[in-house]
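Single chain ahead, by itself, as structure tokens, in the form predicted alone.
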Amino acid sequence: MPDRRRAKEIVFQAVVAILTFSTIAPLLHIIFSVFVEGLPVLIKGGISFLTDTLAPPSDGLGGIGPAIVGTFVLIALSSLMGLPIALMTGIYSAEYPRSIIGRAAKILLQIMMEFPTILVGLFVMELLVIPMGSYSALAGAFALAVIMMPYVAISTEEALKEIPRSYREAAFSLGLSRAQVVFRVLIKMAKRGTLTGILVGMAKVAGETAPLLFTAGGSERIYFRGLNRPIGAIPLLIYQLVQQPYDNYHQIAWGASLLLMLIFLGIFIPTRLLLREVKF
């Protein structure tokens, strides 16, 4: 009997290990492929790849400077628009889970997470692009803010719910108001989960293409010129380049893909490693 139990345990562990590897294998393959194809492009292009504008067809690499600047501008603008609303929504849902607004907000946030982002782009196009008469950075950032908010709100809510109720009761016993309890005690304890949600939301919008097709418009050779003007972005540039029949544009797309992945990994991994988890 002990041998049979030991054999079952070994088989179970082997199956779990195989399934785990099968889960992460596609991600590892994507990372490996992007590095192998994109790294030579970055080495060949050098600094000019990060600062110059796109080269003509079949005429070298040039650079993706406008798309890089546009990506950071869109992330910053969408964060300014979406993060305050998302954080407050997550806090409200966690503090008032039984209220009508709290329950409705949670359901709507879950729907928004699965909502096709291209429809968000069409909505913002009808709301801003058509009345303004042109694509713009403002419209692109607004569409990305709408996409970002459910990820941040739900992560904030879940992080706050993980805090034992005894901590809330202890804070209230000291005479603190609900706002003080939330913003001076609970938010600090839930910072890991909250920041994770923020980073996931930012990573999500950094790689979005569909909504930008209808809102930002793209600007491959002109740097950011204002909120009311079209703006470039790395994922939008990649989408446009892979449709071209030119080899140099395909190489630029691989280099841009690696750069986009490095931007995400460079923000997400160090933050997750350095931020200590609060243990209850």
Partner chain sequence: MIIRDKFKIALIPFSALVFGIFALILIIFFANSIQIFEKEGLAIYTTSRWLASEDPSLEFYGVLPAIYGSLYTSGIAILIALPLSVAYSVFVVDYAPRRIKEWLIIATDIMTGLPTIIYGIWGAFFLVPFVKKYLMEPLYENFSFIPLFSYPPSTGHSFLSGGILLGIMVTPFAAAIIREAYRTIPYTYREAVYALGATKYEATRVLIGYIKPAILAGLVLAFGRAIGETVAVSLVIGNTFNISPSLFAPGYTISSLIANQFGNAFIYEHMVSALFAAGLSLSFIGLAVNLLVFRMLRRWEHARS
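Numbering follows the first chain given and starts at 1. The shown structure was predicted, so the numbers you read here are calculated from the model rather than taken from an experiment.
This protein has a second form, the form predicted together with the partner chain, left out of what is shown; the following refers to that one.
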Given the partner chain in the model of the complex, answer whether the residues V34, F115 and T209 all have a heavy atom inside 4.5 Å of it. yes
Can any non-hydrogen atom of P235 be found within 4.5 angstroms of the partner chain in the model of the complex? yes
The partner chain contact at R178 in the model of the complex, heavy atom, 4.5 Å: yes
Within a 4.5 Å heavy atom cut-off, is L213 in contact with the partner chain in the model of the complex? yes
Though only this chain appears here, would F183 touch the partner chain in the model of the complex if you measure heavy atom gaps against 4.5 Å? yes
TL;DR on 245-253, 219-227, 58-66, 42-50: the one with heavy atoms within 4.5 Å of the partner chain in the model of the complex is 245-253
Please pick, from M202, M149, A190, A137, the one residue with any non-hydrogen atom lying within 4.5 angstroms of the partner chain in the model of the complex. M149
Could you list which residues of 256-270 come within 4.5 Å of the partner chain in the model of the complex, counting heavy atoms only? S257, L260, M261, F264, L265, F268
